[in-house]
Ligand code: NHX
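This document opens with one chain alone, in structure tokens, the form predicted on its own.
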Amino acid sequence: MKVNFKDVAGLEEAKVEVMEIVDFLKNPDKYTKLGGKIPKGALLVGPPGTGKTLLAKAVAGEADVPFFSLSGSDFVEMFVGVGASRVRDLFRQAKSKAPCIIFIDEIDAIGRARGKSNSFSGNDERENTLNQLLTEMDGFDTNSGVIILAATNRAEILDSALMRAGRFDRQIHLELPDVKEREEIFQVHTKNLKMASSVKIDFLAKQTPGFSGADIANVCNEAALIAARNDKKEIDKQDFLDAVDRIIGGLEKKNKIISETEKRTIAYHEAGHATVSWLLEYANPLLKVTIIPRGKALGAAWYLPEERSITTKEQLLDEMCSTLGGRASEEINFGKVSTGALNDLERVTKQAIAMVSFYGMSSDIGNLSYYNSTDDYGFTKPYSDKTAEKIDADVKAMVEEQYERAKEVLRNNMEGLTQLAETLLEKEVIFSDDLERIFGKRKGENKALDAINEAKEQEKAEQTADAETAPSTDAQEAENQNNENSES
């Protein structure tokens, strides 16, 4: 099926860049008559599922030129010389079909920086293949009319010779979609779905922060399957919410045997997370908590993070404190802790290490970053043993401080915590409305949460308006009847 730019939702900035490539292929004279040269290639860089391959297909569809598509691993063989031979054959065919596009997906399979990728292997076949590709892209031969597109989500490991001007002239970055772009992507993927009128696309977009285009396609498909499984004629809003939960947390396991003591521990653990996150200004606001086992988790909490480009130290510490709220609740309420906090402890430890050794957020270490983006294997340690001890001490102190802070927040709100946990034991699922009823309005402003509340209020207003229209119609009919009686 032919793909055009209208089939690619979002990615407006990336589309502008690649549209120019299409224009080069369609009207080369427009640029060459001014002395300009058509760019050799463009590298599409971005996280998995953001639409790199789809965008390359759209370029080929719009330009209406031959499109050679293959992956980096297609060049790699155990036989010496095969990869280089395939590169030569590819460019020979492309030159005969010019103007055309060559698209190499996952180019990091052959484009790794030389001298690193073969550290543990005597076979330099991958390196020979890369050398041949470099020669073909900018050697003595001119590749007039042949444009090379490549995609990768690991641009930092590519060879610098591949990235220089004259080879991949442009790097086009594709980021995860924001709320407006997610709305456009939902519109594309829901085009062929039979949806109930109650489903609002903007509401779905706000419910899926951090989702890529591929994730959104998966949500739409899962929602359709869930509705079909329940013998529904249309896909309603709850099916979409269940699909989001299914993708984030895994399948519900309602028949999993859990003792009453374990269930109580899980309820107070999740209530601890919910309470601390609700009461701290910068923590991500809670959307939903459940103690129904899902995937590998015995309980789960869904948060609605504010979409921001940079994060401050205060925001990171609040998030760390809320993550430790579960274990803190266990210790306060039962006087002992369980293994249920494994994932929480892993996350806060990694976050604290990053804050101290990467982001320069420790007063002891200062404004130093030991992050090394060029070290593939992480074998080098760019600091002394004495500094390592300081880092360990700072990380431990940071986590312990936030743990004590979480316990203090919970002790000051024990009544609300108990009420929340007991509600969770009774209902098994609670929402942000329950937290607002117990603790009141949340501190601080969060655009994401405000958007959800706004959507809920709008829905209530629509329902109220629908309810009010019925009596007014009856009143109109009664008035008409009175008029007829008076006329007779």
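Since we're looking at a predicted model, the values are computed, not measured. Start at 1 and count along the sequence shown; that's the residue number.
Just so it is clear, the following notes concern the form predicted together with the named molecule, a form of the same protein that is not shown.
Asker: Which residue, I391, L316, L279, A300, is the contact with the named molecule in the predicted complex, using a 4.5 Å heavy atom cutoff?
Answerer: For this set of options, the contacting one is A300.
Asker: Please identify the residue among A406, I266, L417, L130 with any heavy atom within 4.5 Å of the named molecule in the predicted complex.
Answerer: Contact check passes for I266.
Asker: Hey, of 231-239, 343-351, 191-199, 85-93, which bit sits against the named molecule in the predicted complex at 4.5 Å between non-hydrogen atoms?
Answerer: Heavy atoms within 4.5 Å of the named molecule in the predicted complex occur in 343-351.
Asker: Using the partner position in the predicted complex, report whether E183 sits within 4.5 Å of the named molecule, counting heavy atoms only.
Answerer: No, no contact at 4.5 Å.
Asker: Wondering, does E330 line up within 4.5 Å of the named molecule in the predicted complex on heavy atoms?
Answerer: Flag for E330 set to yes.
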